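One chain follows as structure tokens, the form predicted on its own.
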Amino acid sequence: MGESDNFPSISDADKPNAGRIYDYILGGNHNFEIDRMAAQKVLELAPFAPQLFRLIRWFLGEAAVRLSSQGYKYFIDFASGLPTMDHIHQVTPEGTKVIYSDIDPVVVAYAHDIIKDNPYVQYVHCNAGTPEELLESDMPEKLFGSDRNVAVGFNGIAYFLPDDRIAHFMKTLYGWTGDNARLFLCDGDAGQSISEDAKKLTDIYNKLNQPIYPRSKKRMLELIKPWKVDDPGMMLLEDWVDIETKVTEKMKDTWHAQGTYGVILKK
């Protein structure tokens, strides 16, 4: 992905930014009036978006806690956003080491201010579509030493990347990580048809220079190769966090989509 594919900076108050829209809908304060206006358009088309976005963040926490309980103490997270609201280092045991990353350099700068001098957490600039930017740097060795049996987060970003970038990411991480590594992600399971509201929502993000790429669960199973699905399988986010919600039902009615699922992958 070239420079023209980069998302608008979080510091640009003249254009809506997808990251700041996400922040606003989650109840954060790292956003501008223009983002709140765009967010209202998103909410008109998807009034259940706050619940959906919370589910995405809760799945990240659930996956991190599960993997931590299995002995994983090193995490690399892509497209992290701001490290607030139950992020990995906040839900795992003290001493867990985390490398966060984001495509927006100003998000990275904000994150440094949030993390401060935490010796177990680092935040670097990286495009999730080209993960080698991070992997080939000296940061993993600085924080993890030579251990590559890490847990990799790819949460809430898959639907913003085209298929070829997803496949590149999966193969690159598979080749870099150790034999016992894990990778967790979530994505939307697109239906066979796209509703008018879904088209309008896609148009909003296209205008932000951050297009959405709908895909089916079946297609994702092809793109994740050579990774394999680990227990408990590809489950709806509601099932991962064990709560009753009507988000999936509303997604089916409004977007003709089949819901948003999470999965942990193994080698």
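One rule holds for the numbers: they count along the sequence shown, beginning at 1. For the two forms, the rigid core is made up of the largest set of C-alpha atoms that agree within 1.5 Å on superposition. Since the structure is predicted, the reported quantities are computational estimates derived from the model, not experimental observations.
The next section is about a form of this same protein that is not shown, the form predicted in complex with a small molecule.
A.B. asks: Quick one: does I56 come within 4.5 Å of the small molecule in the model of the complex, counting heavy atoms only?
C.D. replies: Contact with the small molecule, yes.
A.B. asks: How about G188 - does it come within 4.5 Å of the small molecule in the model of the complex, if we only consider non-hydrogen atoms?
C.D. replies: No.
A.B. asks: Counting only non-hydrogen atoms and a 4.5 angstroms cut-off, does C126 reach the small molecule in the model of the complex?
C.D. replies: Looking in the model of the complex, residue contacts with the small molecule include C126, since a heavy atom lies within 4.5 Å.
A.B. asks: If you check in the model of the complex, is F160 within 4.5 Å of the small molecule, heavy atoms only?
C.D. replies: Looking in the model of the complex, residue contacts with the small molecule include F160, since a heavy atom lies within 4.5 Å.
A.B. asks: Residues H87, I103 and Q210 are flagged as a possible site; in the model of the complex, is every one of them within 4.5 Å of the small molecule by some non-hydrogen atom?
C.D. replies: Yes, the whole trio is in contact, each within 4.5 Å by some heavy atom.
A.B. asks: Which one of A38, L60, L237, I224 is close to the small molecule in the model of the complex, taking close to mean a heavy atom within 4.5 Å?
C.D. replies: Looking at the other structure, the residue within range turns out to be L60.
A.B. asks: Only one of I166, L183, A111, A79 comes within 4.5 Å of the small molecule in the model of the complex by heavy atoms, so just point that one out.
C.D. replies: Residue within 4.5 Å of the partner: A79.
A.B. asks: Could you tell me which stretch in 111 to 119, 67 to 75, 150 to 158, 135 to 143 has residues with non-hydrogen atoms within 4.5 Å of the small molecule in the model of the complex?
C.D. replies: Comparing against the small molecule in the model of the complex, the contact stretch is 150 to 158.
A.B. asks: Is the shift of I56 between this form and the one not shown large enough to count as movement, that is, does its C-alpha move by 2 Å or more after the core is superposed?
C.D. replies: Moves: no, less than 2 Å.
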